[in-house]
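Okay, here we've got a single chain as structure tokens, the form predicted on its own, with questions on binding and movement later.
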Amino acid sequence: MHIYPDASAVVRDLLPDEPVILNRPQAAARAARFFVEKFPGKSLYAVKANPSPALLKILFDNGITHFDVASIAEVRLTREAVPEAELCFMHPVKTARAIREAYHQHGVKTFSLDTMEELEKIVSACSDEAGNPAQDLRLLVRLRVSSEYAELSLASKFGIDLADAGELLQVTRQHCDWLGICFHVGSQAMSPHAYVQGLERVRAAIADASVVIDMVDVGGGFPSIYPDMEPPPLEDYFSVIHRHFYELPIAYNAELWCEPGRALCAEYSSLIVRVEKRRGDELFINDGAYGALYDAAHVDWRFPVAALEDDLRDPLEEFAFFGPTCDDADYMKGPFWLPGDIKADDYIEIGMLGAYGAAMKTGFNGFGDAEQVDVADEPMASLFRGDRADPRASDNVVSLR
């Protein structure tokens, strides 16, 4: 595959009418190695963030051997892309048919749950034809925890309340070879303290249940860098998690897991769009709310942008975007800072779209086509390339007490 040096080279060569997704395999490989080398446990990639088979292979080749899958479609896709990977079905609500296929056809042994009903479903679906229960299940009870430190909450849909967790843990222990507790602090957690709160709930649940815990999974939520969102170094998160994990009343050989999605793939991709029309401080572009810019429209997420024309000279101004569909909802208020003389037919690169960008594209209204190419330059921002402040000198480290 031809590798372009950067976005400008892509524009000069292709003059694209449709959006172009720029992939940076080297950025994904670097992020994977960072987690493998620095997180004090096992890192699972959350496939939902970007299910690209090419990305899955890059992550696997760089040490990410376990994958968090949330549907039977993700099970099938990941098993085909990386046949040797360990798949963990971490959606707490699954159909019996999906569980049965995952266990019996794809070798999935690890499942999460947050109700007695789901536990019964898993035990039944994984039994053999004679009705004998599986002896090799690895089951995780998901706790509900706060999302107050996250930019996007995941606190209301899944997770058992702490008051009810003890009984579920006790019953689950009887049906599995290996029992874990998991939680999710929300997406883009901007403080390591989010995990402190989660681990304190784990402590309380273990004390109430009085069962042996073989694994604790702190979930996802590890952040990336966006305009106005500059998180502490990831090493600060890892340090806090590590210290609080080892203070838990758990088995001496208990494992520590995490499930990064955004942090592993945000830097993987950016997007070239073309300005189709300018109306004052509004730019009509050829991707939007029903495409890779879903988050920019629906949760007002700001992404870094750069104009790709050489002849733009005016100072930067604030712009909003309209996407290509007929809907008023196809609107991204930004603000996105671009040269004041930008105009129709100019091109823009929108960065940090590897997470929940390409994965959210649809074909609504006949739009959605996007060529994908590889580029060799750096992403617009990075947690991993070594040009941020030394974490040991950071003033963002949360107190361990």
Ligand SMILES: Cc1ncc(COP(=O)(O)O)c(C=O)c1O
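Quick note: we count residues from 1 along the sequence shown, nothing fancier. The shown structure was predicted, so the numbers you read here are calculated from the model rather than taken from an experiment.
The following text describes the form predicted in complex with this ligand, which does not appear among the structures shown.
Here the chain stands alone, but in the predicted bound form its contact with this ligand, taken as any heavy atom within 4.5 Å, falls in 186-194 among 266-274, 186-194, 96-104, 122-130.
Though the partner is left out of this view, G323 does not reach within 4.5 Å of this ligand in the predicted bound form, counting heavy atoms only. The closest heavy atom approach of Y347 to this ligand in the predicted bound form falls outside 4.5 Å. The closest heavy atom approach of L248 to this ligand in the predicted bound form falls outside 4.5 Å. This ligand in the predicted bound form comes within 4.5 Å of a heavy atom belonging to G221. Residue in contact with this ligand in the predicted bound form (any heavy atom within 4.5 Å), chosen from A46, I64, M332, V375: A46. L154 is the sole member of A81, V305, I225, L154 with a non-hydrogen atom lying within 4.5 angstroms of this ligand in the predicted bound form. Heavy atoms of every residue among R142, P260 and Y356 are located within 4.5 Å of this ligand in the predicted bound form.
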